[in-house]
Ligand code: ADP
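The data below hold one chain only, encoded as structure tokens and taken in the form predicted alone.
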């Protein structure tokens, strides 16, 4: 760390009020705090605890990094993934912060050196996995640090992992409650990028932070375009999305199963996309190498299960795609939030179909847990399906789910860009329900959706003739609708619980409201699925990062990207550790020609100015 930065170290809680802003400008290169960051920073510098709910990309990390540098001692940060600690530490070291980590990847001498530095007061921030904090030896080490050089803050990142009702529950997070209050005078922070009101209450109670300052920032991510399309051929649809809108961009593709992950990654590679798989079943060396390649190289697409992504700090992910429907809105929001952390235009794309609904309902029925747990899972899925089927602004529905209702449509989701029409689907629903009833009552049979649709459309397949379903009175009564239309009807009826999965084999039965629909007491409104569009009919395509730059800045922006790639490779760090895309854009547009002007660019702090200033000025002057 530079000498100027060190003068702020060791300050008491009575640090001057502008100390945090001064450090933010000089160390991190930002003119001012964003949103509610300063509210959190000021509270923690003053010695208070804080519970911070901020969307991905809103700058949660600065909320604990700045207080850790202003207050006396070392900041202790709980981080859930070992592999990502390295990149977080690299990013801090790049701006002159003395950062370290303690985890199982280190050799004994490496670990001993970090422990020595901690006890000597030579570390500004240390990252530790929650599992490691269960060790009495590590707790003892931290007690000695607290009694000596001191601990400045105790920050628990991804704090929603403490919630047993949440989507990323980690048992080791529960043990962190024992550490809250262990070091008197050390403020505790719990931070997460997503939490419903219920999860917020639970993590607050479990971590004993009822008296903390609670800061809930807006969950709106206006730079992300949310799009959900009918699933026809998801691999082909995904490929078209990448080729048409995100060629050469970094992206994350989520799939439900390990098999689907590997098949999708191979499909993309075979079609010219630089893609790698990631799931818990891969050899740990392959998994680590693939994650490192995604983080450190430009334009890599990672295809993964939900085992990937927590704590991902890569700011230039331009799209997140789901080829299977997520289990909850919280999970969906957390995963899509990994796109566009730098605030530049990005896409959240989901292909959603009938089989997704059947599969997720079946998973819940087969899951281990009591009735209350299954009811919670069902409620989570119902909310996700409601988001998929909505005909109104998707962003409004997302914000309402997180307790932040708004009356304004966003104008940047598929339902805003291409308004969806609805129609009275009561009669088709009655036809479909009548078919299910007749199969059960007259034949004592249950079948999946495909067979029911064949009966409705009057399709004489070998299976229809084998079971003599062509003799049913409902055979052919739905011939006026296409197979695709009937699948849309069935999917929406299942999402509305008019129809439900009846058993482990995926057959369909009557849902709670089926009787009312059959009697005509309940009207069924359905959405008109737009005609097939592989990347979303009528949507405004995401713009490349450099698309809205002035023509004269394009070439310079690409030269700066090329220079950055070389620097990152030479140092063995991700490109964004050198500079983010937003900083390169500002450099290309403003073309600063002096050290003073260069220091005014957002993201250019003192350490980076000293390291890269001369070469940047040469590049900009050429």
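Keep in mind it's a predicted model, so treat the numbers as computed, not measured. Positions refer to the first chain, counted from 1.
There is another form of this protein, the form predicted in complex with the ligand, and it is not shown here; the text below is about that form.
Test of understanding: in the model of the complex, would residue 61 fall inside 4.5 Å of the ligand by heavy atoms? Judged by the heavy-atom cut-off of 4.5 Å, residue 61 is in contact with the ligand in the model of the complex.
State yes or no: in the model of the complex, is some non-hydrogen atom of residue 48 no more than 4.5 angstroms from a non-hydrogen atom of the ligand? Although the ligand is absent here, residue 48 would stay clear of it in the model of the complex, with no heavy atoms inside 4.5 Å.
With a 4.5 Å heavy atom cut-off, would you call residue 313 a contact of the ligand in the model of the complex? Taking the distances in the model of the complex, the answer for residue 313 is yes, it comes within 4.5 Å of the ligand.
Residue contact check: residue 57 to the ligand in the model of the complex, 4.5 Å heavy atom: Looking in the model of the complex, residue contacts with the ligand include residue 57, since a heavy atom lies within 4.5 Å.
Can you check 549-557, 32-40, 592-600, 564-572 and let me know which stretch has heavy atoms within 4.5 Å of the ligand in the model of the complex? In the other structure, the partner sits against 32-40.
Partner-contacting position among 341, 491, 394, 322 - heavy atom within 4.5 Å of the ligand in the model of the complex: Of the candidates 341, 491, 394, 322, 341 is the one lying within 4.5 Å of the ligand in the model of the complex.
Looking at the ligand in the model of the complex, which residues in 433-470 have at least one heavy atom within 4.5 Å of it? The stretch does not touch the partner at all.
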